[in-house]
Structure formats: C-alpha cells, structure tokens
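Quick setup: one chain, the form predicted on its own, written in structure tokens, and binding and motion questions come after.
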Amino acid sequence: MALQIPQRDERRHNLINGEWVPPRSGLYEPCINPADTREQIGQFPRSNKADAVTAIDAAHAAFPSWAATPGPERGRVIGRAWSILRSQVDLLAEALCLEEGKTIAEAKGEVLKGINLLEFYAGEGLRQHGKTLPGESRQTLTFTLRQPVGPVALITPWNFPFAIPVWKLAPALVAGCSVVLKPASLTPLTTHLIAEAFQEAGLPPGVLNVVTGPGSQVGDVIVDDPRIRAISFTGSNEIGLRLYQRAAARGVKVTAEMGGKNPVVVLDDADLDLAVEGIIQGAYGSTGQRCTATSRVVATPGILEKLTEALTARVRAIKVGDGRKQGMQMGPAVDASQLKVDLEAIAAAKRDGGRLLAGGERLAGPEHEHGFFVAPTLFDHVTPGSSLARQEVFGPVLAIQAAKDPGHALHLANDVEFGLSASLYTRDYFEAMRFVEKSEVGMVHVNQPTVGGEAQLPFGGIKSTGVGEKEMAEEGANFFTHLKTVWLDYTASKRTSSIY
C-alpha cells in the first residue's frame, strides 16, 4: 500500500479496530494549507463522543494480546514501520509542509527526526528494562520488571505533526500498550500516514486507533474513560493543566509538555557569529512555532551592541513565503488564530516600550495575500516585567534584554514561569558549568541553539512547562509501564532433596 496525499475533497476516516470507518457524526472539516488558504488537502472527521468510545473499546479489547506479545516482536513491528516511512521521506515532508506550513527543508528535518525515533524504539523491544538486586533473605532472588499500564491516550499538537505523534506512539507500542491517538484538528494528515504505515507493518487491529475531532467531543471522553490508564499530552498550559486535573481525579499517569519562554544568554566572550546563527535558527525556524523556540536573548554589555546590530540585519534578510518554494527560510503561522496571537504580542510589546528593530506587521502582496504570514520580528529595550519578556508567543517574535553581568543574565534567564530549554554562548567553561547548574530548565545547551532533541536523550521541562515524566529515550518507554518488584524464594522444601 503506497502512502498518498489525499485529493482536495477526498474524505478520510477514523482508524478503529484496524478499519478506516466514517465518523458517527457524519461531519468532516477540511485540512487547509496555511501558506495558501485556497488549497485544501482532503477532509477529515469531526468526530463525536461515540467515535471516541468506540476507539477506546477497540484499544481495550486489543490490549491483552498485544501486552503478551514478546518485546522483540513488538520492536520488529516498529522496525517495519520505520522501513516503510523511511522510503517515503519526500512524500511525508510534502504532506507536512502542506498541512502545517514549514519550509520543505524543515519538514524533511522533522520527518527524519521521527524516523530516527522509530529506529531507536525498534531496538527498545530488545531491552525490557528491569534490575536484579540483592535481597535480605537467603536463597531469594529479588528483581524488578516493567509491564505495560494498559490502553493509553496520546493527544498531540499541530506544530510537529509527524515527530510528536511518533515520539509518543513508538514508546507506547514497544512498552506493550494499545493506543487511542487524537491528533490536532489542524494537522491530521501526517498522523494518518503514520497509521497507514503501521497497518502495513503488521500492527494487529485495535492496537492503534486514530480519532480526529475537537477536544470537547473526543479529548475529554478519552481522558475521563476509566479504561485509559495513562495520558501523554503536548499543547498549551491551559488545556494541559485542565487535563492533568481531570486525570489526577481518577489516579492515572499523565505526562504533559506545555509552554516555553526559552532564553539564549550571550556573554562578552562569545563567538558572535556562532551566537547569531544559533539565535536565528532557534527563534525563526518553524516560524517560531515550537516549544523549544528561542524567545529571549539576554546579552551582557560588552557584546550587546554588536549582537543587536548583527541580529537586526539577519532578521530583515529572512525570506518568508510558501515553504515549498525554493529559497524560502520561514513559512506562515499555522492559522488565523495564531496569526492574531502574533500580531497582538507585537502590539503589546510596543505599548510596553519595546523598540521595534525589524518586522512587526502582517505581510501583504501577491506572495502573501492568501496565507497567514507575519514578518519575522525583533525588539530590544524589553524590560523584565513586560509581556514579551514573560509570556509565550509561539511565533517569530524575539526579545533582546540587557544584562549587567553574567549573574544578572542568569537571573533574567530564570525570571519566567517556564523551564524548558536554555542556551549559553561563551568560551568560559567555568561560566558554562555555573549556568548548567543554576539554570531552571529541563534542557541546557552550551554554544548551541535552544531547539533540538535526540532520540536517545530525555526531552522535557520543569516549572510550568511540564508535569510527569520526560519523553523520548528510555524514559519515554518507561512512562507507559508500571514497575513490579518480585521476591522469588527458591529454598528447597522438606519433600525436595538437593544435591547442593
């Protein structure tokens, strides 16, 4: 079965118990290209509560058999899906570009990251992590083993519609869980292609179920159903905290990755060119629509002026347009709502006294009139208490803040409610280690951008950014298991003779 991008009015369905079935609601909504809203990429189910319940029924029925499947065989299914998707990188990148708006280079990079994650988790099937530990009793073997928690729910966002579903789905499957996956309504296409690949790879019916639709109709049902034993969510703080409270009321595991306001600290001795390149990549790649995006630059006095000049020139030179076109460096906001958020943040920064150095407006003209394009934007003179210094924008709007010295720069970097990622540019590794130790984030980069992650390394934040366990790496699979401790007494009984 070859993966295909749907035609304009082609109706896609929900995947439930191994079959693609129409939604009970009978309703569909179009998938729209944010770079050109005249372009429609199929129609996807606007599902209701009945669809969600049916998907949970299927996952619940499929769980015992999948949990009993040996870990290496579960890994081989993931490995076959990896092989299928790896052969379709260009098609997947095109689909991602069409539904989310990334440039084609960014889309291909995301697809390759997801494929790397599949490769890693295919190998995890051979590593069911437990420990043997010394016990206090004679002739007793004590050890731990990991077992799947049960059917799980995965709720994924629109900004990485290929990589994030993969980095939740692959560890859940290799752990032995069955899945109900709800992708973001704005970007369902690549999730459907992932599901088709797993079907072709031989994943049994009901182990993966995909339902699209609004959170109020689908998401809440999945979160509240007592058969769902763990929930993995990526999205906004508002929705994530509400979900966490609902799930906590019935005592199930939750991991929620939410907002970020990630700083890059640049000290006087930094390599200026390296810092500028990393900041541009972190702030404006993917139109700033990622939780690890660089939101703030904090610079010390000896480099502040040169850094500001260099960043201003680079930001003004960024080419913005349809990501499928050659030479484009930044695509559109994902929809009208996100465009509005970007423009409101720019207006608020101006009211707060920020000095606009570049951008600051919605782009018009023939190349931009049918899309949600905002100019890459840069402010300096951003004060610590202002909205641009503290609130997540999730768009291509960057703030420069002045610090008195490295200690003050660290204070400004930490002076937000979020704690996902931070970067430091310096040649002084004594300062670097102090920053690594004292920065209030889950991930630290030295002389690298704030963005990025690797399959074998844990991903996640602290403070208001995240609750629950980290994602990716060994920790990503462990989340979908519970740990069982075993005492095995092998003392011979009186009826049993022993040669020892």
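Start at 1 and count along the sequence shown; that's the residue number. Computed from a prediction, not measured in an experiment: that's the story for all the values here.
Separately, the form predicted together with a small molecule exists; it is not shown, and the next lines address it.
Enquirer: Heavy atom within 4.5 Å of the small molecule in the model of the complex: which of Leu173, Val264, Leu98, Ile164 fits that? Just give me the one.
Expert: The residue in contact is Ile164.
Enquirer: Which of these residues, Pro214, Gly302, Pro406, Gly135, gets a heavy atom within 4.5 Å of the small molecule in the model of the complex?
Expert: Of the listed residues, the single hit is Pro214.
Enquirer: Where, among 381-389, 342-350, 179-187, 314-322, do residues come within 4.5 Å of the small molecule in the model of the complex by heavy atom distance?
Expert: Among the candidates, contact is made by 179-187.
Enquirer: Within 4.5 Å, heavy atoms only: does Phe63 come near the small molecule in the model of the complex?
Expert: Contact with the small molecule, no.
Enquirer: Looking in the model of the complex, any heavy atom of Ile239 within 4.5 Å of the small molecule?
Expert: Ile239: contacts the small molecule in the model of the complex.
Enquirer: Find out whether any non-hydrogen atom of Thr156 is located within 4.5 angstroms of the small molecule in the model of the complex, and reply yes or no.
Expert: The answer is yes: Thr156 has a heavy atom within 4.5 Å of the small molecule.
Enquirer: Is Glu196 part of the interface with the small molecule in the model of the complex - any heavy atom within 4.5 Å?
Expert: Flag for Glu196 set to no.
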